[in-house]
Ligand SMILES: CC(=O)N[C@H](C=O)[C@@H](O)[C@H](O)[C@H](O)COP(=O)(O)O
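Shown here is one chain on its own, the form predicted on its own, set out as structure tokens.
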Amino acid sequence: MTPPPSASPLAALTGRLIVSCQAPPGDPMRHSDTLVRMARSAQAGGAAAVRVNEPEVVAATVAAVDVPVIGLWKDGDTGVYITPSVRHALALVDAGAAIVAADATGRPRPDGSTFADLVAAVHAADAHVMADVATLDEGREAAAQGADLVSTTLSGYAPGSPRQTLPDLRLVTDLAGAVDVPVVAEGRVATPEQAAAALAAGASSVVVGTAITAPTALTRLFVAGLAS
């Protein structure tokens, strides 16, 4: 197994907030300059890192902020679509991502590679890997395959995980007791109190996206509330 690079970007995340600066296809916010400004605003507010989609936006964000950029590349919308191949991962490293986030569930990858192949390629390129998982077993396996961090990103969205409206703090706690790498809480963290609860449950850091960076989704919530 290729040894991981220096742990310096990881240390900066301990006990801190990571802001996911993304927008879905068709959203008015899905524009590179807008997303970069979003990342700069997150840094100004105290975020320790930002999580950004697609190489073009990663490169522009790396040039604009002084915090680690976690890069991912969503390709498709079913199965393994978060950084689904070694090619996608290395494109993110080339764009400047310090950490590459990738689906580490047990589902088959479209290029026939394994998650371990992706980890080895990213480590050889001197970057880190964040494993996005949905279950405890997936987190254990990802850590065994060399992931530098394990994130609960896919809990509630991938097969084998419970559908819920709140953060999966049980998974956070279980992972923290089962793996020797930092555990990142991500998914449905909607309030500062929930973020603090995630740290108390054993998370090393917390990712927040929609509650900070998604005005379209937040507006829909208010509209729906007024209509009920």
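Please read all numbers here as calculations on a predicted model, not as lab measurements. The first residue of the sequence shown is number 1, and the count goes up from there.
The following text describes the form predicted together with this ligand, which does not appear among the structures shown.
### Message
Counting any non-hydrogen atom inside 4.5 Å, which residue from 72, 129, 142, 134 sits next to this ligand in the predicted bound form?
### Response
Exactly one listed residue reaches within 4.5 Å, namely 72.
### Query
Does this ligand come within 4.5 Å of any heavy atom of residue 22 in the predicted bound form?
Residue 22: contacts this ligand in the predicted bound form.
### Message
Using a 4.5 angstroms cut-off on non-hydrogen atoms, would residue 82 count as touching this ligand in the predicted bound form?
### Response
Answer yes; at least one heavy atom of residue 82 falls within 4.5 Å of this ligand in the predicted bound form.
### Query
Wondering, does residue 9 line up within 4.5 Å of this ligand in the predicted bound form on heavy atoms?
Because no heavy atom of residue 9 falls inside 4.5 Å of this ligand in the predicted bound form, the answer is no.
#### Entry: Heavy atom of residue 216 within 4.5 Å of this ligand in the predicted bound form
Judged by the heavy-atom cut-off of 4.5 Å, residue 216 is well away from this ligand in the predicted bound form.
### Options 169 to 177, 54 to 62, 186 to 194, 36 to 44; stretch whose heavy atom lies within 4.5 Å of this ligand in the predicted bound form
Looking at the partner contacts, the answer comes out as 186 to 194.
### Query
In sequence order, which positions of 127 to 159 have a non-hydrogen atom within 4.5 Å of this ligand in the predicted bound form?
Heavy-atom contacts within 4.5 Å come from 153, 154, 157.
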